[in-house]
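Below you'll find only one chain, the form predicted on its own, shown as structure tokens.
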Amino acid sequence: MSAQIAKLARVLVLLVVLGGLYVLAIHKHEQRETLRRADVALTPGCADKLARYGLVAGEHYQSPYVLAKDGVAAKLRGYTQPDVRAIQRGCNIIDDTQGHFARDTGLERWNSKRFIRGSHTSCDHCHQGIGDKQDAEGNRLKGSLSLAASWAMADMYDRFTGLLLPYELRQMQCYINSSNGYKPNISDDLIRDVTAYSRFLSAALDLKIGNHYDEQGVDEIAASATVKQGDDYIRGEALYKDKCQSCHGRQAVGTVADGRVIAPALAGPNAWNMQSRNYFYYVSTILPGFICRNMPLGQENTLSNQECRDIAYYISNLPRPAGDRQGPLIALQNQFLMAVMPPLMRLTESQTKDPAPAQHAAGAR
């Protein structure tokens, strides 16, 4: 009799636990639906961009960008209010990945911080211009990693996995390969909203599905595209100090002011990891291509192919988090270097600066 009571008690406990999980799932679902229906407070950048592209709910959509460029714009299928809100949230995610603005407004669900290690990574650091970088005349730029052009390619062959990956799966890879983070669930609102925003950009720019555009991806630079002097750490360090240090810092750990990232980390715990496609030793062509096409800000396309490869080579020799394939010993070594090197470099920097004030003081006496 006591055995039957114990068995019944176990069954009741299991039912209570399962019932609790069901109630929690219903509660989370209702929370998500509430956020989906809520008006979206746009970041300043997204408010400007979506207004410029004329995003409003309606039966038809005509792109002001295409109208200004070509003098005529086709009437496309319009957007419902839920569509508009999804596009707005997607824009906010690209512009405010770490969720600073989201926290200020109490809408944490905007940001993708929960999928990213470190405090610097933002989608907009690579996909500049909030996803569609243009020059002052509104011309789209080659190798600028446009989200619109990426969406237009739809299912794209991925040479790293050997698979045709839909846009949603390529997004999921970004969190591991470019953000030193975790892969979101494909059904997460984050994936859906960024997809909605990217698809809207392709319509606003009049990109045709299946076409390849120059702004899609990075204009990669192989060693064969240089003067074949080899990738040089010393040249890269000198170039970094001249071209990059003023923004990214002497130790390449980024620049932060008032809690906001001014320039992201290129090394250290907040940078991409050793399994990222930005890592020179994993793929030696992508980071140089990005540097040449997008850096320094305001001086794009001023560096030679050789200079871009040298800078990328130097950056990738600085300590950074290990990736999935490096193993615990490499991870421990890099964690040690990331902890020890910054204070040592600050110490040597202060020592080199000390003599100058002393000399001035002696001269004053």
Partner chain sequence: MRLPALALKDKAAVAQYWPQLQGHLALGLTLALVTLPQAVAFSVTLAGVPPHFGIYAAIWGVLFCSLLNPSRVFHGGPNTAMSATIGVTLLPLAPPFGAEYMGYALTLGLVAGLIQMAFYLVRPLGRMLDLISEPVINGMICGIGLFLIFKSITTFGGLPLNTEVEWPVWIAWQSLLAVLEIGNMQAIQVGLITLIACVVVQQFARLRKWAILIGIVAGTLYSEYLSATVGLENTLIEQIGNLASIGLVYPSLPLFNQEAMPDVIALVPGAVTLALLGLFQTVAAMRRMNRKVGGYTDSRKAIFSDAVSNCLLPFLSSLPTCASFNRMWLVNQLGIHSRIAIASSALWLLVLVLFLAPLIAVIPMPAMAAIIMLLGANMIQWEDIKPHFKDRREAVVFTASFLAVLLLDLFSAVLVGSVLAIAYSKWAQAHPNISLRGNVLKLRGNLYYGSLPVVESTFHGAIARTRDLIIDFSDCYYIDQEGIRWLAATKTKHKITFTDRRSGSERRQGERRVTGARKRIAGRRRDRPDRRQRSEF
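Keep in mind that this is a model prediction, so the values were computed, not measured. Numbering follows the first chain given and starts at 1. If you superpose the two forms and keep the largest set of C-alpha atoms that fall within 1.5 Å, you have the rigid core.
We do not show the form predicted together with its partner chain, though everything after this point is about it.
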{"item": "In the model of the complex, residue 347 touching its partner chain (heavy atom, 4.5 Å)", "value": "no"}
{"item": "Partner contact for residue 114 in the model of the complex: its partner chain, 4.5 angstroms, heavy atom", "value": "yes"}
{"item": "In the model of the complex, residue 60 touching its partner chain (heavy atom, 4.5 Å)", "value": "no"}
{"item": "is_contact(residue 24, its partner chain) in the model of the complex, heavy atom dist at most 4.5 Å", "value": "yes"}
{"item": "Complete contact of 69, 72 and 135 with its partner chain in the model of the complex (any heavy atom, 4.5 Å)", "value": "no"}
{"item": "Interface stretch in the model of the complex with its partner chain - options 25-33, 336-344, 46-54, 313-321, non-hydrogen atom within 4.5 Å", "value": "25-33"}
{"item": "Heavy atom within 4.5 Å of its partner chain in the model of the complex - the one residue of 99, 184, 268, 254 that qualifies", "value": "184"}
{"item": "Of 168, 188, 214, 124, the one that lies within 4.5 Å of its partner chain in the model of the complex (heavy atoms)", "value": "188"}
{"item": "Residues in 317-341 with any heavy atom within 4.5 Å of its partner chain in the model of the complex", "value": "324, 325, 327, 328, 331"}
{"item": "Rigid core superposed: residue 68 CA moves 2 Å or more between the shown form and the other one", "value": "no"}
